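As structure tokens, one chain now follows by itself in the form predicted alone.
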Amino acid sequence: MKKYDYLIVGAGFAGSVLAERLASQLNKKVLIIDKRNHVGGNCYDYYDKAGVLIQKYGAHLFHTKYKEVFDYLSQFTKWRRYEHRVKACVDKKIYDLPINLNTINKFFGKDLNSKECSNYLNKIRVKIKKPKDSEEQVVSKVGWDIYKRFFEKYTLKQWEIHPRDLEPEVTARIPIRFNKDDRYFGDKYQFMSKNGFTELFRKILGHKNITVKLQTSYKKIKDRVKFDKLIFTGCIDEFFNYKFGQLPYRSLKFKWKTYNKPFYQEYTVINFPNDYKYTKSVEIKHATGQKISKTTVGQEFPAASGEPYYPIPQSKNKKLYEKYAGLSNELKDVYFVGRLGEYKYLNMDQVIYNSLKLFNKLSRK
């Protein structure tokens, strides 16, 4: 048996960043495995038959407020400046998302300035001091009309759960703006990896101390290699053989269509809160900047089964996760990180930031 200092399960951002740091900074021998046939986790991109660079698991856009995260990734990629904008198609009209001054004026047929918009929303919103669910979270900010047209049915499609049965954090993530800023994110650093995410991951994992094995499950390999420490970025309940029951996730299915034109839609992402079974239409070429005569558009269909994407934000699920977190705390030299390991909705920059924090902890040890 070959001996490694670390076995890392999962070659997404959490596992890959830790593998690179441990290998390059501490000279550790690292084996990183993934059950898929590629590195990059859900950020994986590839060229389809038409030659269009697409993201297999839906739109992933890099943005962060953390300078250390941006500086870290900058070692492995050149950047293309890109500020993400999302639109919503409601009653066959296109609106800015998140809700901003333009959205309010267009939806209500007004011509308000920022102060007037704030005062107007204060009149129509429902006065709730502490929203207890996602529905209350939205109506307490913008009232019932916008909630019904922009949020309710979209949330039902996304989760198959009514907003009043979801934690307020689901919709609290979406800001309400009283200016005309139509950027989806407000972070200082907003870029796309110039040659795509997969190329970025290959460079991160290119250190001589890192061994990568794909199409390899933890259960099959754990007794075939020796290692001192384990970093697990998969589903924490799976690691413990679902001792307390299975943590629920929402997944996504995709339908792709290629068009013989440079672009098909005007925006990278268009949300459809009320129409169609899919939640959004994505043309990632707007973000990648690829110059090619064809384009490929993906439609995202939320699903109850498939690859785990989104932890379902309900209090009962948090309590179930806490049971598994309690078991993990009893283990020596085993670390759970990432969206699946922590059962928490995390953007990629948050995953990288948490991984760098864990590396600092491991390096002090």
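One rule holds for the numbers: they count along the sequence shown, beginning at 1. Remember, it's a predicted structure, so these values are computed and weren't measured experimentally.
Quick note: we don't show the form predicted in complex with a small molecule, though the next part is all about it.
Novice: Can you pick the stretch from 226-234, 141-149, 271-279, 100-108 whose heavy atoms fall within 4.5 Å of the small molecule in the predicted bound form?
Specialist: In the other structure, the partner sits against 226-234.
Novice: Although the small molecule is absent from this view, report whether S24 comes within 4.5 Å of it in the predicted bound form, heavy atoms only.
Specialist: No, S24 stays farther than 4.5 Å from the small molecule in the predicted bound form.
Novice: When the contact criterion is heavy atoms within 4.5 Å, does L205 count as touching the small molecule in the predicted bound form?
Specialist: L205: no contact with the small molecule in the predicted bound form.
Novice: With the partner left out here, check for me: in the predicted bound form, does some heavy atom of K35 sit within 4.5 Å of the small molecule?
Specialist: Because a heavy atom of K35 falls inside 4.5 Å of the small molecule in the predicted bound form, the answer is yes.
Novice: Quick one: is T216 in contact with the small molecule in the predicted bound form, heavy atoms, 4.5 Å cut-off?
Specialist: Judged by the heavy-atom cut-off of 4.5 Å, T216 is in contact with the small molecule in the predicted bound form.
Novice: Pick from Y66, Y46, Y310, F301: which has a non-hydrogen atom within 4.5 Å of the small molecule in the predicted bound form?
Specialist: Exactly one residue meets the criterion: Y310.
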